[in-house]
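Consider the single chain below, provided in structure tokens and representing the form predicted alone.
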């Protein structure tokens, strides 16, 4: 398949402001894509060249891409830089300068999807001396072979800034419409995607084997499973209604959630909540799991916390110093860690996803040999709300976040915010104070002391049912000088020229700068109130929001949901 056919659809999607229209355009296109090309097409539509967990990075700087564009077009770099200043987008710059290139600069032949895909992978694999020049030369050849409009998308893909607004759920909807003629079958695709978060595999399996093939998708050690999420309640007593009788009550730690995989070759891989491979950042944990867990292969989950020399829990900010590429050995010495294991998803060839929590934990307890650095989560089993509350208070005195209450009979619901797990944090019992994980979707330019940066951020909750983000507050308080200085650079990658397709916002709250919903922040709010200006739920706003921290370990779709906020408002 020629790349230009995909380019035409990308152009159409870029002009589309309706999520439903985007799904229909994609569905009509996908059904015409050759089966052998469908995986590549789906990756590229998402602006990727692999699944997210594989984290294939091209490693090309902005300046290098712009230089490649200038060379491909046969123009002076200064001219390309001037156009870049006007457009603010390397893709539009590539399109404009390449429209004027002479025919002598165009190599014979047309760019195919697989040539583009293969060369982008080769660019990502290049390392060492001379690799930047080699990367640039490959990119130049792709730009010269593409049409001007194709070059726009090649340049954006090189920088990871495609930003069409088509998310995972949008594409699953479109695949369901294209191959099953029924959008309702998206639920089956989503279930498979939660176990196998690789859009290429899902699309190719559906195209070649239909829904029967999708139903057979199962766990694969070394490929992360989307992590199960917690529900929340507004009154402690409500837990009994949701999980009656005996229940497990575990400590909720202020750390880094981890999913650890060990395959039959003995290789251990660690994945974060965002499904990022964090193995190299925690070599000490890899060694500990290898010696302390009795299993030929496993998939288990736990929470990594930083500890001092006496084994006492240290703050999350201390642990975050371990998230680094360099000086890892030194930080292993300076900041020791402990993992609190709390679930077993796979063991020695058998999936445990559908087993009751109680059985999963029984097996986990048998195969883990506790040490200073590897242990099980603190837990009690009770049906007494008073005993539950006492354990909660005890966890607070030990400086943990709170508790997670779990159904003893519940299965592991991958990627789902189900009622088998309920969180209860210290924030929930503060008078008129709750914390929310919200997504930055826009910004307003700063004035006075904040001139030159952003003065306030427009933040949104996630509507799971509609796969859209709904605004809930304008955030300006709590942004320190350090955070303000960091914001423009941190957000630049996600800056877009128009409202993201998956965002519901009213005219009164339209920001001066739009962002794709990617960055999550933790916000403390005093009160939820009805608002004619916000779109969250039935029109709710968070009053007196205060920025607490960036939640680097959360994806936008893992933010606080509109449904949760509606429920909290109804309980106040």
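Predicted model only: the values in this text are computed from it and were never measured. Positions refer to the first chain, counted from 1.
Although not depicted, the form predicted in complex with adenosine monophosphate is the subject of the following passage.
Participant: Taking adenosine monophosphate as it sits in the predicted bound form, is residue 425 near enough to touch it, meaning that at least one heavy atom pair lies within 4.5 angstroms?
Facilitator: So residue 425 counts as contacting adenosine monophosphate.
Participant: Quick one: does residue 250 come within 4.5 Å of adenosine monophosphate in the predicted bound form, counting heavy atoms only?
Facilitator: Residue-level check for residue 250: yes, a contact with adenosine monophosphate.
Participant: Heavy atoms within 4.5 Å of adenosine monophosphate in the predicted bound form: does residue 303 have any?
Facilitator: Yes, contact at 4.5 Å.
Participant: Quick one: is residue 404 in contact with adenosine monophosphate in the predicted bound form, heavy atoms, 4.5 Å cut-off?
Facilitator: Although adenosine monophosphate is absent here, residue 404 would touch it in the predicted bound form, with heavy atoms inside 4.5 Å.
Participant: Determine which one of 488 to 496, 252 to 260, 456 to 464, 239 to 247 lies within 4.5 Å of adenosine monophosphate in the predicted bound form, judging by heavy atom distances; exactly one does.
Facilitator: Residues of 252 to 260 come within 4.5 Å of the partner.
Participant: Has each of 342, 377 and 554 got a heavy atom lying within 4.5 angstroms of adenosine monophosphate in the predicted bound form?
Facilitator: All three within 4.5 Å in the predicted bound form.
Participant: Looking at 421, 298, 352, 282, which has any heavy atom no more than 4.5 Å from adenosine monophosphate in the predicted bound form?
Facilitator: By the 4.5 Å criterion, the partner-contacting residue is 421.
Participant: Pick from 219, 124, 230, 188: which has a non-hydrogen atom within 4.5 Å of adenosine monophosphate in the predicted bound form?
Facilitator: Selected option: 230.
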